[in-house]
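One chain follows as structure tokens, the form predicted on its own.
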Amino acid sequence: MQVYGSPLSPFVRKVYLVAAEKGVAVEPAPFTPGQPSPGFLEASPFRKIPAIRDGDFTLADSTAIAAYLDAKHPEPPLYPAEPRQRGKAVWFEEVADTLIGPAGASIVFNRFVAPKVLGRPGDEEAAAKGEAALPPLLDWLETQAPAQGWLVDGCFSIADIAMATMLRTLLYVGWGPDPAKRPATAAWYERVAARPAWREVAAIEDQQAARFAPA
């Protein structure tokens, strides 16, 4: 399966993680943001990443791709079958994607992507707004993080993947899980990060992130 986009993006990383949990091989598809290829535009007509090409099938959006992979490769299941558990898992995924993601993106784009990837100054005012929006969301997550196991009734699921991938992105700007401030979240995150699939994807990402490290 080909994936358009870098796992430096939390949404692309989510797809890589789902694929890795299910043992699905991922091949990075050629992708240049400023010069989208016809293949990418076919997979993602609105130019959003991630997008995939799986044989003759194309699809965009991390949530849609994760649901597709879970249906095509049902073991291990990442969307619980029990109705309440599934609802909670999708809820956590939505909070990660639509609330924590945008708040964090304001910081990450303006303090990491713009200066280190694009070579231009970021918007500090926008970054500060993201910093103001994040704490209540992370405080809420601290109340949800279990002492043991996973976010949804002890079942590892898309909830853990979606939330943890956002927190990994925040590490780039010093907003990752802090054991002193949010110990339950930090301990849960370490459990996610210890999974073989996470380590596999993190190694790929670290190779790409090394290009932007200070000389």
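A residue's number is simply how far along the shown sequence it sits, counting from 1. Since the model is a prediction, treat every value here as computed from it, not as a measurement.
Beyond the structure shown, there is the form predicted in complex with a small molecule, which is absent from this document and is the topic of what follows.
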Triplet Gly104, Glu142 and Lys181 all within 4.5 Å of the small molecule in the model of the complex via a heavy atom: no
I'd like to know if Asp61 sits close to the small molecule in the model of the complex, meaning any non-hydrogen atom pair within 4.5 angstroms. yes
At the 4.5 Å heavy atom threshold, is Glu131 in contact with the small molecule in the model of the complex? no
The small molecule contact in the model of the complex: Ala187, any heavy atom under 4.5 Å: no
Look up in the model of the complex whether Ile49 has a non-hydrogen atom within 4.5 angstroms of the small molecule, and give yes or no. yes
Heavy atoms within 4.5 Å of the small molecule in the model of the complex: which of the stretches 154-162, 40-48, 170-178, 66-74 has them? 40-48
